[in-house]
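Take a look at this one chain, the form predicted on its own, written out in C-alpha coordinates.
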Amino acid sequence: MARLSKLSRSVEGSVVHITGAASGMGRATAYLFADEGAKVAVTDLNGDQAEAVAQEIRDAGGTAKAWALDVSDPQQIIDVTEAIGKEWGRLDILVNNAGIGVFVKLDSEKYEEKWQFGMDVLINAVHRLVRASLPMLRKAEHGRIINIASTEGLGATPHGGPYTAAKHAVVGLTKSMAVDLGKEGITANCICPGPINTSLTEFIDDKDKATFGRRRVAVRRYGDPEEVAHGTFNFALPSASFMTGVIMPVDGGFWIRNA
(Lines give C-alpha, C1' and ligand atoms only; values in the text may rest on other atoms or scores of the structure.)
Protein backbone atom coordinates (compact mmCIF):
# COMPACT_ATOMS: atom_id res chain seq x y z
CA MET A 1 0.00 0.00 0.00
CA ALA A 2 1.28 3.47 -0.85
CA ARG A 3 2.19 5.71 2.07
CA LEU A 4 -0.25 8.51 2.85
CA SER A 5 2.18 10.68 4.82
CA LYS A 6 4.93 12.73 3.21
CA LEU A 7 7.51 13.39 5.92
CA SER A 8 10.30 10.92 6.67
CA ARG A 9 10.88 9.30 10.06
CA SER A 10 14.16 7.74 8.98
CA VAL A 11 17.67 8.78 10.00
CA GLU A 12 19.28 6.02 7.96
CA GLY A 13 22.59 7.21 6.53
CA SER A 14 22.69 10.33 8.70
CA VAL A 15 25.77 11.12 10.77
CA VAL A 16 25.18 11.86 14.45
CA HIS A 17 27.69 13.05 17.03
CA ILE A 18 26.77 12.11 20.60
CA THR A 19 28.93 13.45 23.41
CA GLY A 20 29.22 11.62 26.71
CA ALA A 21 28.23 8.47 24.84
CA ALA A 22 30.23 5.89 26.79
CA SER A 23 27.54 5.30 29.40
CA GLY A 24 24.01 6.05 30.55
CA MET A 25 21.76 8.15 28.35
CA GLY A 26 24.53 8.82 25.84
CA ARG A 27 25.22 5.15 25.27
CA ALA A 28 21.51 4.35 24.98
CA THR A 29 21.17 7.18 22.45
CA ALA A 30 24.11 5.87 20.44
CA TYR A 31 22.60 2.38 20.34
CA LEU A 32 19.21 3.71 19.25
CA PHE A 33 20.59 5.82 16.41
CA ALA A 34 22.75 2.91 15.27
CA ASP A 35 19.74 0.58 15.30
CA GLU A 36 17.94 3.08 13.06
CA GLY A 37 20.76 3.12 10.50
CA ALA A 38 22.67 6.26 11.45
CA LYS A 39 26.45 6.51 11.50
CA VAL A 40 27.38 7.28 15.08
CA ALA A 41 30.32 9.34 16.31
CA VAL A 42 30.76 8.14 19.89
CA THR A 43 32.72 10.62 21.99
CA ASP A 44 33.52 10.61 25.67
CA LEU A 45 36.16 11.69 28.16
CA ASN A 46 36.89 7.99 28.62
CA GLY A 47 38.16 6.97 25.19
CA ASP A 48 38.40 3.27 26.04
CA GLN A 49 34.76 3.10 27.10
CA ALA A 50 33.74 5.09 24.02
CA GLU A 51 35.57 2.59 21.85
CA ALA A 52 33.80 -0.28 23.65
CA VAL A 53 30.42 1.27 22.79
CA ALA A 54 31.45 1.79 19.18
CA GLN A 55 32.66 -1.80 18.97
CA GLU A 56 29.36 -3.11 20.34
CA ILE A 57 27.56 -1.13 17.66
CA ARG A 58 29.82 -2.51 14.94
CA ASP A 59 29.41 -6.06 16.29
CA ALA A 60 25.63 -5.61 15.98
CA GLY A 61 25.99 -4.59 12.34
CA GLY A 62 25.94 -0.83 12.81
CA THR A 63 28.38 1.92 11.89
CA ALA A 64 30.26 3.76 14.61
CA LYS A 65 33.63 5.27 15.41
CA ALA A 66 34.91 6.49 18.77
CA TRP A 67 36.96 9.49 19.79
CA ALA A 68 38.20 10.57 23.21
CA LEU A 69 36.86 14.05 23.90
CA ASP A 70 37.22 16.31 26.90
CA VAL A 71 34.41 18.78 26.24
CA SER A 72 35.98 21.29 28.64
CA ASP A 73 38.88 21.65 26.15
CA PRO A 74 37.98 24.04 23.29
CA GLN A 75 40.74 22.78 20.99
CA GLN A 76 39.72 19.14 21.42
CA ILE A 77 36.19 20.09 20.41
CA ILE A 78 37.49 21.61 17.18
CA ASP A 79 39.85 18.71 16.46
CA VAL A 80 37.30 15.95 17.06
CA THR A 81 34.56 17.73 15.10
CA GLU A 82 36.95 18.07 12.16
CA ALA A 83 37.89 14.39 12.48
CA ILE A 84 34.22 13.38 12.32
CA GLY A 85 33.85 15.45 9.16
CA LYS A 86 36.89 13.80 7.60
CA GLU A 87 35.62 10.34 8.51
CA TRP A 88 32.16 10.63 6.98
CA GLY A 89 32.16 13.90 5.08
CA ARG A 90 29.13 15.27 6.87
CA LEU A 91 27.35 15.85 10.15
CA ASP A 92 23.57 15.94 10.35
CA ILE A 93 22.75 15.68 14.05
CA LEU A 94 24.53 16.91 17.18
CA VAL A 95 23.49 15.60 20.58
CA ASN A 96 25.09 17.56 23.43
CA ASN A 97 24.78 14.95 26.14
CA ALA A 98 28.09 15.10 28.06
CA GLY A 99 27.61 16.14 31.64
CA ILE A 100 28.71 15.96 35.25
CA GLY A 101 27.00 16.45 38.58
CA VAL A 102 28.14 19.67 40.29
CA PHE A 103 26.55 20.16 43.69
CA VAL A 104 28.25 22.28 46.34
CA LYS A 105 27.20 24.49 49.25
CA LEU A 106 27.11 28.19 48.46
CA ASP A 107 29.60 29.03 51.22
CA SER A 108 32.03 26.24 50.36
CA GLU A 109 35.67 27.17 49.70
CA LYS A 110 35.47 25.03 46.56
CA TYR A 111 32.43 26.83 45.17
CA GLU A 112 34.33 29.02 42.71
CA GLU A 113 36.38 26.10 41.43
CA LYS A 114 33.34 23.88 40.95
CA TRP A 115 31.40 26.74 39.36
CA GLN A 116 34.06 27.30 36.72
CA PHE A 117 34.46 23.61 35.92
CA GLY A 118 30.71 23.06 35.82
CA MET A 119 30.22 25.94 33.40
CA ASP A 120 32.97 24.66 31.10
CA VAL A 121 31.49 21.16 30.88
CA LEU A 122 27.77 21.89 31.07
CA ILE A 123 27.26 25.09 29.07
CA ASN A 124 30.46 26.38 27.45
CA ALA A 125 30.93 23.01 25.76
CA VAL A 126 27.43 23.23 24.29
CA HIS A 127 27.97 26.49 22.43
CA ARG A 128 31.51 25.46 21.41
CA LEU A 129 30.33 22.17 19.95
CA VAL A 130 27.49 23.84 18.07
CA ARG A 131 29.78 26.54 16.71
CA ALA A 132 32.35 23.96 15.59
CA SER A 133 29.64 21.84 13.96
CA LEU A 134 27.74 24.64 12.23
CA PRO A 135 29.56 24.51 8.87
CA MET A 136 28.51 20.87 8.44
CA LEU A 137 25.06 21.28 9.97
CA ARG A 138 24.38 24.06 7.45
CA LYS A 139 25.13 21.67 4.62
CA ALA A 140 22.87 18.96 6.06
CA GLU A 141 19.44 18.44 4.53
CA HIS A 142 17.95 18.19 8.02
CA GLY A 143 20.31 19.83 10.51
CA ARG A 144 19.43 18.96 14.09
CA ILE A 145 20.77 20.14 17.45
CA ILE A 146 19.55 18.40 20.60
CA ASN A 147 20.85 19.67 23.92
CA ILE A 148 20.43 17.55 27.03
CA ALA A 149 19.64 19.72 30.05
CA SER A 150 17.75 18.48 33.12
CA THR A 151 14.67 19.21 35.18
CA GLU A 152 17.24 21.23 37.15
CA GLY A 153 16.95 23.61 34.21
CA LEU A 154 13.31 24.14 35.18
CA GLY A 155 13.62 24.30 38.95
CA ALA A 156 16.24 23.89 41.66
CA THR A 157 17.57 21.48 44.28
CA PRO A 158 19.54 22.40 47.42
CA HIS A 159 23.28 22.97 46.86
CA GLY A 160 22.86 22.73 43.09
CA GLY A 161 24.07 26.25 42.24
CA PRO A 162 26.58 25.54 39.43
CA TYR A 163 24.60 22.61 38.01
CA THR A 164 21.23 24.34 38.19
CA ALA A 165 22.55 27.58 36.72
CA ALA A 166 24.25 25.73 33.87
CA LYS A 167 21.16 23.70 33.03
CA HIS A 168 19.00 26.83 33.03
CA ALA A 169 21.57 28.31 30.66
CA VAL A 170 21.28 25.29 28.35
CA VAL A 171 17.52 25.85 28.19
CA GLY A 172 17.99 29.53 27.33
CA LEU A 173 20.78 28.88 24.84
CA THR A 174 18.64 26.30 23.06
CA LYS A 175 15.86 28.84 22.59
CA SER A 176 18.35 31.39 21.27
CA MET A 177 19.83 28.86 18.84
CA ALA A 178 16.36 27.96 17.60
CA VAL A 179 15.64 31.60 16.81
CA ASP A 180 19.03 32.18 15.18
CA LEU A 181 19.11 29.02 13.05
CA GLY A 182 15.45 28.48 12.19
CA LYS A 183 15.69 30.42 8.94
CA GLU A 184 18.39 27.99 7.82
CA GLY A 185 16.27 24.92 8.47
CA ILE A 186 18.35 23.83 11.47
CA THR A 187 16.29 23.01 14.53
CA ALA A 188 17.48 23.25 18.15
CA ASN A 189 15.60 21.49 20.91
CA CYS A 190 16.22 20.53 24.52
CA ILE A 191 15.55 17.41 26.56
CA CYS A 192 15.17 17.78 30.33
CA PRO A 193 15.59 14.36 31.92
CA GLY A 194 14.21 13.87 35.40
CA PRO A 195 15.14 11.04 37.78
CA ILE A 196 16.95 8.51 35.56
CA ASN A 197 19.03 5.44 36.45
CA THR A 198 22.49 6.62 35.37
CA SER A 199 25.94 6.99 36.90
CA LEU A 200 24.85 10.36 38.31
CA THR A 201 22.22 8.63 40.45
CA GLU A 202 23.86 5.28 41.14
CA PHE A 203 24.96 6.44 44.62
CA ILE A 204 21.28 6.59 45.67
CA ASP A 205 20.02 3.45 47.37
CA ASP A 206 17.39 1.51 45.38
CA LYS A 207 14.96 1.72 48.30
CA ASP A 208 15.33 5.50 48.36
CA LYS A 209 14.76 5.64 44.61
CA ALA A 210 11.63 3.57 44.95
CA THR A 211 10.34 5.82 47.73
CA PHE A 212 11.11 8.97 45.73
CA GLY A 213 9.42 7.51 42.67
CA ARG A 214 6.22 6.72 44.54
CA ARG A 215 6.12 10.15 46.16
CA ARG A 216 7.25 12.48 43.37
CA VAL A 217 7.00 10.83 39.94
CA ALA A 218 3.66 10.37 38.19
CA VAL A 219 4.63 6.97 36.77
CA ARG A 220 5.97 6.01 40.23
CA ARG A 221 9.56 5.09 39.31
CA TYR A 222 12.92 6.24 38.00
CA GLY A 223 13.35 6.22 34.24
CA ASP A 224 15.70 4.18 32.09
CA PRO A 225 18.32 5.77 29.80
CA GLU A 226 16.68 4.38 26.67
CA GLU A 227 13.44 6.17 27.51
CA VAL A 228 15.34 9.45 27.34
CA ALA A 229 17.07 8.33 24.15
CA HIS A 230 13.74 7.94 22.37
CA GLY A 231 12.79 11.50 23.28
CA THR A 232 16.08 12.69 21.83
CA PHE A 233 15.60 10.58 18.71
CA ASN A 234 12.20 12.10 17.98
CA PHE A 235 13.73 15.59 17.78
CA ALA A 236 16.31 14.31 15.27
CA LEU A 237 13.83 13.00 12.71
CA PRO A 238 13.50 14.75 9.34
CA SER A 239 9.77 14.94 10.07
CA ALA A 240 10.48 17.06 13.18
CA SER A 241 11.08 20.05 10.92
CA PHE A 242 8.47 22.29 12.60
CA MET A 243 9.62 21.56 16.15
CA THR A 244 12.29 23.96 17.38
CA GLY A 245 12.99 25.78 20.62
CA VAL A 246 11.06 23.04 22.44
CA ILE A 247 12.04 22.31 26.04
CA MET A 248 10.75 18.80 26.71
CA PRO A 249 10.89 17.09 30.10
CA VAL A 250 11.41 13.34 29.95
CA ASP A 251 10.76 12.76 33.61
CA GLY A 252 7.82 10.43 34.11
CA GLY A 253 5.68 13.35 35.20
CA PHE A 254 8.06 14.49 37.94
CA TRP A 255 7.84 18.14 36.93
CA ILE A 256 4.04 18.35 36.78
CA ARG A 257 3.25 16.47 39.98
CA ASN A 258 2.36 18.70 42.95
CA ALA A 259 1.39 16.00 45.41
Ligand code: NAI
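The first residue of the shown sequence is 1; numbering continues from there. Everything quoted here is computed from the prediction, not taken from an experiment.
Unshown form predicted together with this ligand; subsequent notes refer to it.
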For this session: Scan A132, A165, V121, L154 and let me know which has any heavy atom within 4.5 Å of this ligand in the predicted complex.
Result: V121
Seminar exercise, completed: None of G231, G194, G213, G62 but one has a heavy atom within 4.5 Å of this ligand in the predicted complex; the exception is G194
Exercise. So which of 86-94, 99-107, 132-140, 176-184 is the stretch with heavy atoms within 4.5 Å of this ligand in the predicted complex?
Worked result: 99-107
Exercise. Check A22, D70 and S199: does every one of them have a heavy atom within 4.5 Å of this ligand in the predicted complex?
Worked result: yes
Exercise. Could you tell me if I148 has a non-hydrogen atom within 4.5 Å of this ligand in the predicted complex?
Worked result: yes
For this session: Indicate whether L32 is a 4.5 Å heavy atom neighbour of this ligand in the predicted complex.
Result: no
Exercise. Could you tell me if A52 has a non-hydrogen atom within 4.5 Å of this ligand in the predicted complex?
Worked result: no
Exercise. Hey, in the predicted complex, does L45 get a heavy atom within 4.5 angstroms of this ligand?
Worked result: yes
